[in-house]
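Next comes just one chain, in structure tokens: the form predicted alone.
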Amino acid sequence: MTQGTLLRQITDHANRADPYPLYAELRKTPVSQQGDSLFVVSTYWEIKSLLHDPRISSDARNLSPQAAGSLPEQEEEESALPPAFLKLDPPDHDRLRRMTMRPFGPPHTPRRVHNMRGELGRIVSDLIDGFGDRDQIDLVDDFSYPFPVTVICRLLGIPREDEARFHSWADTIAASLDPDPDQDPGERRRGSQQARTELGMYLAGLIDERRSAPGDDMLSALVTDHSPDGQMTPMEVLSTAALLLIAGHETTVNLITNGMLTLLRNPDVLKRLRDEPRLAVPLMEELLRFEPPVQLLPQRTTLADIDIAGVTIPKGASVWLVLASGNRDPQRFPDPDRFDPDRKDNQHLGFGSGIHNCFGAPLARLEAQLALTELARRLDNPRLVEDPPPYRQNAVLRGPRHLNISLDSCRS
């Protein structure tokens, strides 16, 4: 099988349930070239090196015309909302990330996430109480989706009743990350642009409200804060709010769902978590290695020629970093295809690495730890209805679309 065929297989939805054998084949060529301007990196040390390399750009505007396909089309896509800091390079990335971190975490708001523990626990309990006496649930629809959405709405100060409106926008924008070669790129761009525009208009209204009547939420802080870096422009607030809203729940849905699926496939570990709640911390790190919610980063660009693993990646090329493949690299992790919550030295790539490591990682970790611990404690004899479950289309944000679970009862 050629590398080009492998890449097509990886993005093919038919292989979404188990892409890991394809990743193992991909690792035989750590840095593989696809055509003139696309390079795929699949091994741990090479991925980590590039994540820390200042010659790797997250700004799609640095793509060469050959790699971008069409620069005018790229600009048109981005015109709906300006790039969020996730898609910027230093110094703009660093400035906006610092400003966004001020109301979220250390050093200025060090206990923001910690102080949410009680509220998060109550949300989890209420959702599980909602299962009632049912003997079957869909974990995604009944729990994994509403939990992080409720949390991010409260954190940002977004009315929970508006969830249905931004759900469709978030799905469309998340789908635009999917490198599906069989999808019409023009149609994908147009759909993404419309969703970004509508989301931007919605958020602009909320931002205006917070500017005149600020609350104690993060959206108010982004609007009103005067930091040593200055104050965000209205468009910077808009793009940052959109990023936090979408990224704040999309990956956590997958993290919880992939986690419960893995536990149901490993009932001995599920029993251990029920009996040993402290197992949740190392368990979460192994889940992030074993079944990461973000499988690959397809939108990176070289700012200069880079020599790595015997291959020269030229300036302006597009680089895909397959994080999930690096997490299963036997050169880094012994017996990498075994799920082992007692694994030592587990420095996975589940939340990326370097300056673009996941901004919301502390919150996502806490949400998933609380969720899986309480599900393990309260669900009596949970069993998968089908395995594998149906998966979302997206190859980047890989996770089940539904996870139907049978259970005998729900403990109090």
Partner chain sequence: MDGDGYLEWMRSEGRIVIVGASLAGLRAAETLREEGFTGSLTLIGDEPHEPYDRPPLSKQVLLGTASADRTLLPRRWAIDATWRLGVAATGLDMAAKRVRLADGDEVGYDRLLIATGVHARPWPHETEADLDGVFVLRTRDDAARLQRRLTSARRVLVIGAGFTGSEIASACRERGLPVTVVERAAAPLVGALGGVVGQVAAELQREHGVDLRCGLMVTGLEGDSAGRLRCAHLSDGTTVEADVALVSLGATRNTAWLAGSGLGAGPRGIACDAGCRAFDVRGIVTDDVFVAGDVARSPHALFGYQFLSLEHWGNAVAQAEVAAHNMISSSSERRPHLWVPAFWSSQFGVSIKSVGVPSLGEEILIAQGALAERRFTGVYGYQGRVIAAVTFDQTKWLEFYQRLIEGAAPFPPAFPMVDHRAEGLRPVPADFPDPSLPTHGPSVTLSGYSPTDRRVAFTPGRA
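Numbering follows the first chain given and starts at 1. Since this is a predicted model, take the numbers as computed values, not measurements.
The same protein also has a form predicted in complex with the partner chain, omitted here; what follows describes it.
Colleague: Does Leu384 reach the partner chain in the predicted complex, with heavy atoms at most 4.5 Å apart?
Modeller: Heavy-atom contact with the partner chain at 4.5 Å: absent for Leu384.
Colleague: Quick one: is Asp229 in contact with the partner chain in the predicted complex, heavy atoms, 4.5 Å cut-off?
Modeller: Flag for Asp229 set to yes.
Colleague: Is Ile355 close enough to touch the partner chain in the predicted complex, meaning at least one heavy atom pair within 4.5 Å?
Modeller: Answer yes; at least one heavy atom of Ile355 falls within 4.5 Å of the partner chain in the predicted complex.
Colleague: Since only the chain is shown here, I'm wondering whether Ser49 would be in contact with the partner chain in the predicted complex (any heavy atom pair within 4.5 Å).
Modeller: Ser49 belongs to the contact set for the partner chain.
Colleague: Work out which of the listed stretches, 52-60, 362-370, 24-32, 375-383, brings a heavy atom within 4.5 angstroms of the partner chain in the predicted complex.
Modeller: In the other structure, the partner sits against 52-60.
Colleague: Considering non-hydrogen atoms and a 4.5 Å limit, which listed residue (Pro234, Pro267, Pro90, Gly121) is close to the partner chain in the predicted complex?
Modeller: Contact with the partner chain in the predicted complex is made by Pro90 alone.
Colleague: Could you work out which of Leu303, Val281, Ala309, Ala204 is the residue within 4.5 angstroms of the partner chain in the predicted complex, going by heavy atoms?
Modeller: The residue from Leu303, Val281, Ala309, Ala204 that makes the contact is Leu303.
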